[in-house]
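Given next, in structure tokens, is a single chain: the form predicted alone.
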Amino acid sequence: MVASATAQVPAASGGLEGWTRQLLECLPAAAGPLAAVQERGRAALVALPVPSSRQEDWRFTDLSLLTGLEPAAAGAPAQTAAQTSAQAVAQTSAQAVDALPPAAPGVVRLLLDGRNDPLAGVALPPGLSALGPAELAQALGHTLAATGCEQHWPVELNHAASEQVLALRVASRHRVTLELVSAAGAGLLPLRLLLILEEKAELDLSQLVQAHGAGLTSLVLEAHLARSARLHHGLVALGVPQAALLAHLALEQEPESAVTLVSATAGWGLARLEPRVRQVDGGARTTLRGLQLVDGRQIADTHSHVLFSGPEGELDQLHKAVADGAGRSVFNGAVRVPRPAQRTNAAQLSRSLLLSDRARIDTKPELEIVADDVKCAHGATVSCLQTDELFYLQSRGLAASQASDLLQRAFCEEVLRELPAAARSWGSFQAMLSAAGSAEDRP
């Protein structure tokens, strides 16, 4: 899929299945707080079939980029190689943090490099605490199971490789602002997060994931919101054409809670984002905003899943995509409204902008409704830049490229403006456009 990536490292024999076997052979022995999770994940990867175009959920997603990544760079079986790999990851992540503006006063910024304890030497603010071993053992994986993705192949891949987990609790009636920063180089970067929000707790979470080399970033996030809790999560993921991102964001909401999840991705040779939400007993509000930019031969795929398990739940979902060059954008949004979910109010809209006759957009919003007293709607549009709008802007003295950028900015800002403050500075329109346009494999 990405010529520049496959030219740098030898492809694994046996396709994705062979690559997975080689990766498992290269991973170090399971150890640390997630040793049991690693063992289960590795056993699951041996038994699970690898994703392929023969499976409905993966039929538009070409995973050949993964087979061009060197498994040994992720596993680093020799002790000296492991140390070198860890040092390289830490240095890359530290440089990424240094390049960012300093965090606002009172805001905690944590560095996630997949290997070191992100809380080492960090003083957490009032209301934010780390989960103990017993709490971690009880809660880890619960939301993945509740949202039906605990056995998904990308999740098991994360389980097999994760050495660290950032597990935090936000105390009742506290409001916390948190920033998470990660930067990947070569190899595999596994990121694992677990968030517990107690009753009436509030968390503003800005998360930046960057890639600077040919590698795979694997992100698995679980968040459980108690009654009346509030979570505003902004994920900005900026990659390069040689890198891949596989992310699962699993959210479980109790009544009267509210989630706003905003994601913006650009520049990855392959990006697969799966937000999965379950409203446990209904009566909650979910707001989903997504933006993905593709250029060159990049692929961006968003598969969202929202399940209402009780009455009077609300969903407001808007997904946007901009496809240029020979890029490909995929969106599949599933909303499930079973019989107990009476008086559900759900709206889902997919809007895509096609900038090239070589680009492709596949979009499929879908509703499955069994309840008979609901208000649900979905829709999808694919359009190009309007010639009359371009002409109007050019008639006011703007160059053609400036007019095009201005219209694209207006299209994207509807999502970007809903990011939390820090994430909005990281995921500005110009940063997104620069990442998407850095495709080295442009035909």
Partner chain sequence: MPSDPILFSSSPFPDLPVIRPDAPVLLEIRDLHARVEAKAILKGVNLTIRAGEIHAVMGRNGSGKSTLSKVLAGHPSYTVTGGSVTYRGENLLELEPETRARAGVFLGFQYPVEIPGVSNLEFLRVSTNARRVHRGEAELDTFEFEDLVRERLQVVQMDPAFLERSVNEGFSGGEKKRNEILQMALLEPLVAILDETDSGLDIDALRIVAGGVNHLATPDTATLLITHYQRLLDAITPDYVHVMAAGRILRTGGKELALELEQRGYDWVDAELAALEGAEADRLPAEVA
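All figures in this text were calculated on a predicted structure; none of them were measured in a lab. Residue numbers count along the first chain shown, from 1.
We do not show the form predicted together with the partner chain, though everything after this point is about it.
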**Message:** Check Q55 for me: does it contact the partner chain in the predicted bound form (non-hydrogen atoms, 4.5 angstroms)?
**Reply:** no
**Request:** Using the partner position in the predicted bound form, report whether L406 sits within 4.5 Å of the partner chain, counting heavy atoms only.
**Result:** yes
**Message:** Taking any heavy atom pair closer than or equal to 4.5 Å as contact, tell me whether A36 reaches the partner chain in the predicted bound form.
**Reply:** no
**Request:** Give a yes or no for L398: in the predicted bound form, does one of its heavy atoms lie within 4.5 Å of a heavy atom belonging to the partner chain?
**Result:** yes
**Prompt:** Since exactly one of L393, C376, L27, V50 fits, which has a heavy atom within 4.5 Å of the partner chain in the predicted bound form?
**Reply:** L393
**Message:** So if I measure heavy atom distances to the partner chain in the predicted bound form, which of the stretches 62 to 70, 408 to 416, 41 to 49, 377 to 385 falls within 4.5 Å?
**Reply:** 408 to 416
